[in-house]
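This document starts with one chain, in the form predicted alone, laid out as structure tokens.
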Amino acid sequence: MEAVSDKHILDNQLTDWYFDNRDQLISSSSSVFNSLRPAAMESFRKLGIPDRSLENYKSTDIPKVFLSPLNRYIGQRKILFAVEDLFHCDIPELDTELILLVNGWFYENRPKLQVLPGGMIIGSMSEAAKQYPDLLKQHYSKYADYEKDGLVALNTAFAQDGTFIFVPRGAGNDRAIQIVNVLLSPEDLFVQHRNLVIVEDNATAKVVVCDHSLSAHHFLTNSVTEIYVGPNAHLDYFKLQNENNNSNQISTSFVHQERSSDAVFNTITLHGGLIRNNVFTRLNGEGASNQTLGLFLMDKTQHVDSYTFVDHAVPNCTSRQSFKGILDDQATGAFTGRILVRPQAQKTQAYQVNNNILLTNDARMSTKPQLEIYADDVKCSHGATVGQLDQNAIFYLQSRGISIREARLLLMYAFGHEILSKITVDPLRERLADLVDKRLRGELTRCNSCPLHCQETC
């Protein structure tokens, strides 16, 4: 009864926060955002923050992180710093088009929208809603269903800024687009941002997202990302989560694919306190192909929960899910993967696997792969493993003169290599391979060469 009471108080607090600030929200935002706020808030009042009573959230105590005394603001708080200083930390410095968000807001010292060769547009979601309202209306909140998840409803009710990427029909760019989400504040903070990626017919794009916290305060992020991949389009989307143990993140992404499209969604989690990653994919056109991948390395008392849902809505589509985790100390993890094959989705090929290594007796992993099939001409499989490092393999490596520590590291690195090998941005793959190696060795810290001189708590 106590948990229910806490949740009820929390839901009321967030609802009151909305109505107390509704006028400011509306006056500072475009009609694209404002038109959906009332319905989204009504959904939130019905759903509230999800708790363990819901099957999809039973492995993670979401209300607990919301109950922390975090500062919540309507409007941007000015924090200025030299952008180049970020790249003295462990943020990959790549040859990319850069988008920088600070505490959920587009960084004000940069152009709010850039039009790149070929017509590609990148920049602030808020500015895009003002300059291209008709384009946003075609896609904004068309894939993220705020009537089914209270976290999505909350984000939609308060959406103000985030990242906007538009790749027009037939366009492409050899340079990847790099989004750096920075948490930097002199106080504990609740952050929400809304992101939209549109890749039109026959277009190609590579997007790299880097999530980092650069101060030791407590943060909670509730972000929603919508991705549209048009007919014959191709998208590679890579997400790196490398925040400190005081940072909690709830990330919900929706991928909508049309005919003969191809998309890769790859999440690498190196650090974070509590992390919940939701990825919803709808294969909406024949011949669409999707890969949803993940690698997480957790230690101490960190917690990561991955939820995936792939909806095969039409025939002749392919999906592959592969998630791997290594948990040390008292770290905990969860994976819930669901594949839905609708009655009309004949000739579906769908594969799902989750493999995990526990390095201590105190580490815990819960895994639940699921298939829900209503068509009869399909090829589908799923599986999961939770175990320890192969002692015979360790003994073999030791017999070849390799120390037990190096033998364990080699096996762990080889275990995660399958996920890293799917990264098609060469500098990023090399950089991430180095970060993963450091993480496994316990050497990864973002403060050794950081000029921002914040007090880190890794």
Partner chain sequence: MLNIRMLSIRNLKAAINGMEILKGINLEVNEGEVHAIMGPNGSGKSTLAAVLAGRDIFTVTGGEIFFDGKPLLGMAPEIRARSGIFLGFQYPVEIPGVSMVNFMRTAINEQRKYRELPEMSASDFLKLMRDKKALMEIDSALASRSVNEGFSGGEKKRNEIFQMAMLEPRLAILDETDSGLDIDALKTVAIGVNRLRRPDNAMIVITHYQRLLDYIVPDFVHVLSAGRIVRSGDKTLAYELEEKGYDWIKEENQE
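Positions refer to the first chain, counted from 1. As the structure is a prediction and not an experimental result, all values here were calculated from the model.
Heads up, the form predicted together with its partner chain isn't pictured, but that's what we're talking about next.
Of the listed positions (Leu411, Ala39, Ala433, Ile26), a single one reaches within 4.5 angstroms of its partner chain by any non-hydrogen atom in the model of the complex, namely Leu411. Here is the short version: of Ile402, Leu389, Leu54, Leu70, the single residue with a heavy atom within 4.5 Å of its partner chain in the model of the complex is Ile402. For the chain shown alone, Glu406 is a contact residue for its partner chain in the model of the complex, at least one non-hydrogen atom being within 4.5 angstroms. Proximity of Thr424 to its partner chain in the model of the complex: non-hydrogen atoms within 4.5 Å are absent; the residue sits far from the partner.
Its partner chain in the model of the complex is not approached by Ser31, whose heavy atoms all lie more than 4.5 angstroms from it. Using a 4.5 angstroms limit between non-hydrogen atoms, Gln398 touches its partner chain in the model of the complex. Heavy atoms within 4.5 Å of its partner chain in the model of the complex map, among the stretches 31-39, 44-52, 411-419, 62-70, onto 411-419 alone.
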